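One chain follows as structure tokens, the form predicted on its own.
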Amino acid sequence: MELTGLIGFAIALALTALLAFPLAGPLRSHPAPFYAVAIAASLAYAWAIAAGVDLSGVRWLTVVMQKGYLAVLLLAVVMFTGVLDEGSPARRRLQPIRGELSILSFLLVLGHVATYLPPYLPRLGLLLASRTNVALSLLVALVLVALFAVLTLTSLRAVRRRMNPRAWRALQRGSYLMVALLALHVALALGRSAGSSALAATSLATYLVAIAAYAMLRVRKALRSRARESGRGTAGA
């Protein structure tokens, strides 16, 4: 399974790089076909799992779709682009497609949701009453998906154009809460199995290191912005 996990991660990483760089122009100009493919992929995978289709020959799909690695990697590009310096080449390259990548991430994470939610949703009340890690992870996941859905909806160009820019920016700050909820969800979901599975332990460590790095870069950028504003105020005085 560890080898399958590595293969799946490599495929997800390659697809992310493909969407973020060679296909960035088409994605920006004509996002609808990309969204359609993401929806079809999520629906097809969810149907295959529900129908009991034998996917043993393509087990890497479990990592790419069911575990949500492709969705998370796309989201990571979106989030880390936001904390890069304004003039950096990577930010200039990726900033124009942040909205599209975010929408693709949400559409692909639906495959993850559709795989895990049906078995647990009928037992939601009992699970919450038990207060186990699984129950808490599920509850956090529900809030996380709802927040992600709102942020995705407001990332659509047609919706963003109709919103007040100040209100839109204030709403997008919910992405910080989403990152925190993602860290909590991953810790709850993988915490128990990390002690017995090398793949789970590696996945958990990777998630937490990436989220910690994002938080530090976010604080660094905020401090730099405050310092620049303070310098302008001093110069103006």
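Small disclaimer: the values here were computed from a predicted structure and weren't measured. Residue indices: 1-based, along the sequence shown.
Here the subject shifts to the form predicted in complex with a small molecule, a form of this protein not shown in this document.
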Subject >> 4.5 Å heavy atom contact, residue 45 to the small molecule in the predicted complex >> reply: no
Original post:
Are any of the heavy atoms in residue 80 no more than 4.5 Å from a heavy atom of the small molecule in the predicted complex?
Top reply: no
Original post:
Taking heavy atoms and a 4.5 Å cut-off, does residue 136 contact the small molecule in the predicted complex?
Top reply: no
**OP:** Answer with yes or no whether residue 94 is in contact with the small molecule in the predicted complex, where contact means some heavy atom within 4.5 Å.
**Re:** no
**OP:** Considering the small molecule in the predicted complex, find the one stretch among 167-175, 49-57, 32-40, 66-74 with heavy atoms no farther than 4.5 Å from it.
**Re:** 66-74
Original post:
Thinking of 18, 21 and 103 as one candidate spot, does the small molecule come within 4.5 Å of a heavy atom in every one of them in the predicted complex?
Top reply: no
**OP:** Please pick, from 156, 151, 84, 117, the one residue with any non-hydrogen atom lying within 4.5 angstroms of the small molecule in the predicted complex.
**Re:** 117
**OP:** Identify, from the list 27, 186, 210, 61, the residue with a heavy atom within 4.5 Å of the small molecule in the predicted complex.
**Re:** 186
